[in-house]
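Shown next as structure tokens: one chain only, the form predicted on its own.
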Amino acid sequence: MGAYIVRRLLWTPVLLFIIGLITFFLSLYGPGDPIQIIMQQYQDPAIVQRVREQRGLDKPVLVQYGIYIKNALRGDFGESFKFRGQTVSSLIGRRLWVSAQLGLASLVVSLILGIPFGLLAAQRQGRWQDTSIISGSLFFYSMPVFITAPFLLMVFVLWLKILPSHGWGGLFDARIIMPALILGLPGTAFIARMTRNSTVEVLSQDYVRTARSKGLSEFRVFWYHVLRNAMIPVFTVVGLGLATLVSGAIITETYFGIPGIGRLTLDAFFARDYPIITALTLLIAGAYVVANLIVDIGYRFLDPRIKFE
């Protein structure tokens, strides 16, 4: 397994280099000159040329990207075009922890609700509980945020008056409950369906019937023989969900006024703030690479029969 992990880690810089190169090219040759974005209405040719030289934008593209990668390895992703005088690293660093807390809360909601509902549906296969849970899962999974958010706000804020409507106060603040529920409901539906389907498949295996024929209690059969194998597909979903902790939720964060990565991403796209866009692309790509590696390693502990080549 050690050799497999090393090979995966060696490929990570290559993958990030290619992704960063594509994003860098798109930022330079996409719509809007970076210098014009910085200067806005001040278009004096001499000043524009001086700013271009100061930022190294007069050099060949590959040279510019080489300088960018060299600085990025030191944690310097440049200066924001929109937020004057602020580095990209400081902007992302402040907002990353906010999105991570929101993503963690929504992931916990999805797991706490999704796994028990999925297990219950599998144990009541073909009964009304199974049908109700799967139907409810499809309903919540298909609902977009811009529909569930106003509905929950109307119920819990306007009618019941038990939750705040917007703002941010951290992981243990009441203002995180509403956005965590909105982000967690689709994940709950997906995990419930995944858990149900995986558990039903495991229950039909020969080793489960053998365990029951030996006289083991239903609890021991389910806990020691069913649950561990049924959680392998769910672990894949949860592992990849870890990557979303750094990607943020654009609509939800904007809707509730949460100063996270999603809100920053939206502002950067509208302002064509290419340094922030490039840095966020590398950050999210790296998060998914690490999440995939964690999932692959976790398979080995969940099922010792899985071998790495």
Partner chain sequence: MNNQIEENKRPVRGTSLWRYAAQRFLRNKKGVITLSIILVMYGAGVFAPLVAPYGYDQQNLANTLKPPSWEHPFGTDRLGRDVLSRIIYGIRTTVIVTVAAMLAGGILLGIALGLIAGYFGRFVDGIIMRIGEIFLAFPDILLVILIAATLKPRVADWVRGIETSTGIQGIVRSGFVDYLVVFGALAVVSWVGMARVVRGQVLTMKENQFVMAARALGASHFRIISRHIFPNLLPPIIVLVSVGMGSIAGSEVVLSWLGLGVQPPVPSLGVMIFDNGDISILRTTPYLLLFPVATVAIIIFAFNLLGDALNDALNPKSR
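For clarity, every value in this text was computed on a predicted model and none was experimentally measured. Positions refer to the first chain, counted from 1.
The next section is about a form of this same protein that is not shown, the form predicted in complex with its partner chain.
J.: Check each of 266, 57, 69, 240 and return the one that places a heavy atom within 4.5 angstroms of its partner chain in the model of the complex.
T.: Of the listed residues, the single hit is 266.
J.: Of 177, 208, 120, 157, which residue is found within 4.5 angstroms of its partner chain in the model of the complex when only non-hydrogen atoms are counted?
T.: Only one option qualifies, and that one is 157.
J.: Even though its partner chain is not shown here, does residue 289 get within 4.5 Å of it in the model of the complex, heavy atoms only?
T.: It does: once its partner chain is placed as it appears in the model of the complex, residue 289 has a heavy atom within 4.5 Å of it.
J.: Heavy atoms within 4.5 Å of its partner chain in the model of the complex: does residue 277 have any?
T.: Contact check for residue 277: yes, within 4.5 Å of its partner chain in the model of the complex.
J.: Residue-level question: is residue 301 within 4.5 Å of its partner chain in the model of the complex, judged on heavy atoms?
T.: No, residue 301 sits far enough from its partner chain in the model of the complex that none of its heavy atoms falls within 4.5 Å.
J.: Since only the chain is shown here, I'm wondering whether residue 73 would be in contact with its partner chain in the model of the complex (any heavy atom pair within 4.5 Å).
T.: No - in the model of the complex, heavy atoms of residue 73 and its partner chain never come within 4.5 Å of each other.
J.: Is every one of 19, 26 and 142 in contact with its partner chain in the model of the complex, taking contact as a heavy atom within 4.5 Å?
T.: The answer is yes; 19, 26 and 142 each reach its partner chain.
J.: With the partner removed from view, which of 105 to 113, 209 to 217, 224 to 232, 133 to 141 is the stretch that lies within 4.5 Å of its partner chain in the model of the complex, judged by heavy atom distances?
T.: That would be 133 to 141.
J.: Pull the contact list for 147 to 163: residues with a heavy atom within 4.5 Å of its partner chain in the model of the complex, in sequence order.
T.: Those in contact are 147, 150, 151, 153, 154, 157, 158.
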